[in-house]
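Heads up, the chain below is alone and in the form predicted on its own; it's given as structure tokens.
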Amino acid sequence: MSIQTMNKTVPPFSNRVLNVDESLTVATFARMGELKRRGADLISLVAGEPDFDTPGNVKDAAIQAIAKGCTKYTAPASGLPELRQAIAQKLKRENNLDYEPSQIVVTCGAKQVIFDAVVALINPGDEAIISAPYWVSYADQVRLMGGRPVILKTSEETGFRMTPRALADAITPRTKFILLNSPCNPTGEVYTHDALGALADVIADAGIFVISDEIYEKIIYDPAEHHSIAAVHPGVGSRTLLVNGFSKAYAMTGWRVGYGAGPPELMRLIARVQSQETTNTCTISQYAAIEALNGTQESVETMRNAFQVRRDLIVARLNRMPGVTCRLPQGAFYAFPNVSDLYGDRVRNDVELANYLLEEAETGCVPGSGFGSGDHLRFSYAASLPMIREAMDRIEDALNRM
């Protein structure tokens, strides 16, 4: 039956899906693909993934798993017992958090953990507090489940961090959870121990849940330190879903392995959702993840050091450009400059400026409005130093011509 011959009294598609916006990151990739087909010599500063290869010991562990025939479903669906035990040990060793393996669910990337938690927590009309700038998928995942994302705007003046007062003012009887991301994509900002503690006092009083996205935990630069809100406040730890994974720290984006750790009842519900959704994460990828946690960590530090050098270069170059100001990110691998002083007759907003740079500088970046802030652009520095230098030369020349 074609769509044209379906019952015309029933809308053919879900309103929840129709109300979700297209990702500006995906739209930028599509536009870049079009220009490449026309012969443009493009530099991409769009990608949200390390440009490093997965460490050799991790790849070897996957190859060995295949050779041993470890290619079946995992039982239980929540992940290999050996991997969940390794994650529990990592959380104790590095984050001072005590979780039983039964409180851990392994998923197809950190994004799935968050989505499954939203499925488990949100009823139609419930609210979720998200600080802006935010990662592109947070708000739309809440909308998909009929919830209402409550966006708290932050600014450079507050270090892109929400304040306890703003959080308290945003909480209503319909608030189900707050979503934290530290280090943050796209700003690179990191919450200090004291800042998390102040937020935790408000959260504990309200009795709401926390989803703490810590996927960039290991990509952090001195003197910043990573802290998990679950370890900061005992009253909040019992209501926190800690989200992490292997994509960023171990350059394993395509392997699709993430995990969540949290209160037993919530984790049982997340596991139930996954059992109806993907059954389990790729078995071979799970064996690779065990080696990532238990093997040498030398590659993590090598990558972090390289990112720090690139960060220093791209931020210095951006701040040299008239009309551009950029804070020094404390983590992740993104620069998020304020470009609002460039808006005028030639380009009126961040989308037009990003398109201008794509056409005139042949350099791709992501408009900040996709992250909840139209005053900014996001540049990924998960690219080589020569490529970053060339991109900055092109952008500076294009802005001077503008």
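Just so it is clear, the structure is predicted and the values come from calculations on it, not from any experiment. Numbers follow the displayed sequence, beginning with 1.
The following text describes the form predicted together with a small molecule, which does not appear among the structures shown.
Participant: Is there a heavy atom of K176 lying 4.5 Å or less from a heavy atom of the small molecule in the model of the complex?
Facilitator: Looking in the model of the complex, residue contacts with the small molecule do not include K176, since no heavy atom lies within 4.5 Å.
Participant: Going by a heavy atom distance of 4.5 Å, is N185 a contact of the small molecule in the model of the complex?
Facilitator: N185 belongs to the contact set for the small molecule.
Participant: Hey, in the model of the complex, does F336 get a heavy atom within 4.5 angstroms of the small molecule?
Facilitator: No, F336 stays farther than 4.5 Å from the small molecule in the model of the complex.
Participant: Give a yes/no on whether Y216 approaches the small molecule to within 4.5 Å in the model of the complex, heavy atoms considered.
Facilitator: Yes - in the model of the complex, heavy atoms of Y216 and the small molecule come within 4.5 Å of each other.
Participant: Among Q103, N181, T154, N280, which has any heavy atom within 4.5 Å of the small molecule in the model of the complex?
Facilitator: Comparing distances to the small molecule in the model of the complex, the residue within 4.5 Å is N181.
Participant: Find the only residue in F160, Y287, F307, Y138 having a heavy atom within 4.5 Å of the small molecule in the model of the complex.
Facilitator: Only one option qualifies, and that one is Y138.
Participant: What stretch, of 243 to 251, 308 to 316, 272 to 280, 293 to 301, brings heavy atoms to within 4.5 Å of the small molecule in the model of the complex?
Facilitator: Within 4.5 Å of the partner lies stretch 243 to 251.
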